[in-house]
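Below you'll find only one chain, the form predicted alone, shown as structure tokens.
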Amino acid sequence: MEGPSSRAPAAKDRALLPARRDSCGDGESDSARDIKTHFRVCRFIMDTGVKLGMRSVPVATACVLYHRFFEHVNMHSYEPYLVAMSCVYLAGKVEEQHMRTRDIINVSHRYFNSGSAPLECDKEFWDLRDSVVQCELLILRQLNFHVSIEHPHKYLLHYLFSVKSLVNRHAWSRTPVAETSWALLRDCYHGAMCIRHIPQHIAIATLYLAINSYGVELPAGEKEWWQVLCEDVTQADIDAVISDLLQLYDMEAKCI
């Protein structure tokens, strides 16, 4: 097998990965097709992470590694699903929730071949394992080994506790603001918006959208509640995050 700088995976590995679907419709630009491919691949990362029993932060780290990698390289030079598998493997190391390559490969194989038996440890399996490991090294080099990532999760948790203390507890219990905020945050990782906006702004925006979606009223003061929690955020910052997130939902609807 050629080194990781070549088009990956080799033909002998390709049978274990899906055929690439470049578009959800005709007449799309290359950029639109690439964005949709990234969306699908990040969904694959999340579904694979759930089946592997990964925590939310390692899964988010895998998505960020994936998006950062394709910031540096041409998407058509590498097999995105192989890169995704390597990102899951690397994220497990970064977040200290190590995953075995065999488990990642088998879960991925089942993802694309529902109901199939686990792969045998034959030459085909070991070739794919080598591709995953080589691709991991490529990702590390492309990112200059900068794989420590700050996520919005800790900020959202803090903001939720702060907002909950300002709301009537009966009103809070009747509306799933917290659950919706976490779901919105998770969805942000389907696109490059998770690396385009700073973590605090993403956390504020997802909470802002959840609160306004359910019409939860917060006490009025000299400042907006979100300015109290995050001094450097502006309404424009919040609107930008929400706009990017809504575009992701619009794209998802077109891909169904």
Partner chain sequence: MDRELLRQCLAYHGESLFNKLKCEQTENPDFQAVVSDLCKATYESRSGGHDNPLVEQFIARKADILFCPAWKTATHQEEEHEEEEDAAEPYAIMPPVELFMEVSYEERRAMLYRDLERGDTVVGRINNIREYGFFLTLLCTAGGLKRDIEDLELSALCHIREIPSTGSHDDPLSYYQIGDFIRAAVKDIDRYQEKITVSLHKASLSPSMEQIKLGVVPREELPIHYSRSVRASADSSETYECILASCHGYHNPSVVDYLLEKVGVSDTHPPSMMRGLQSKLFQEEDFASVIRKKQSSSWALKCVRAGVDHFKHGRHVEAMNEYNKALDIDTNNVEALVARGALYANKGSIMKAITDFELALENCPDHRNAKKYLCQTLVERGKQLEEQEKLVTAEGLYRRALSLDDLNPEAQEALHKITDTIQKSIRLREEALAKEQVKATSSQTSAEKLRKILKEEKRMKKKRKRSTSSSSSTSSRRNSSSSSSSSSSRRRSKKKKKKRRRSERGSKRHSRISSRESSRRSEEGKSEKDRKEEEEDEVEWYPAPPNTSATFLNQKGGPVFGERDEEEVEQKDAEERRISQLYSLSAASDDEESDYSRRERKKKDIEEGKRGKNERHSRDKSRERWKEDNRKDRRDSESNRRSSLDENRKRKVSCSSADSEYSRKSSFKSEYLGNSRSASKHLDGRVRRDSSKRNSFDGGRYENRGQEEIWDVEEAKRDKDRKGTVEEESSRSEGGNCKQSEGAGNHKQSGLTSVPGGRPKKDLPSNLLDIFNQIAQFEKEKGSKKYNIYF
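Positions refer to the first chain, counted from 1. Keep in mind the model is a prediction, meaning the values are calculated, not measured.
Another form exists, predicted in complex with its partner chain; not displayed. Remarks below refer to it.
Hey, in the predicted complex, is Leu166 touching its partner chain, heavy atoms inside 4.5 Å?
Residue-level check for Leu166: yes, a contact with its partner chain.
Under a 4.5 Å heavy atom criterion, is Phe112 part of the interface with its partner chain in the predicted complex?
It does not: once its partner chain is placed as it appears in the predicted complex, Phe112 has no heavy atom within 4.5 Å of it.
Under a 4.5 Å heavy atom criterion, is His190 part of the interface with its partner chain in the predicted complex?
Although its partner chain is absent here, His190 would touch it in the predicted complex, with heavy atoms inside 4.5 Å.
Taking any heavy atom pair closer than or equal to 4.5 Å as contact, tell me whether His170 reaches its partner chain in the predicted complex.
His170: contacts its partner chain in the predicted complex.
Scan Leu138, Met75, Ala178, Ile149 and let me know which has any heavy atom within 4.5 Å of its partner chain in the predicted complex.
None of the other options qualify; the answer is Ala178.
Since the chain is shown here on its own, which stretch among 81-89, 158-166, 130-138, 67-75 would lie within 4.5 Å of its partner chain in the predicted complex, judged by heavy atoms?
Of the options given, it is 158-166.
Can you tell me which bits of 40-59 touch its partner chain in the predicted complex, meaning any heavy atom within 4.5 Å?
Arg43, Met46, Asp47, Val50, Lys51, Leu52, Met54, Arg55, Ser56, Val57 sit within 4.5 Å of the partner.
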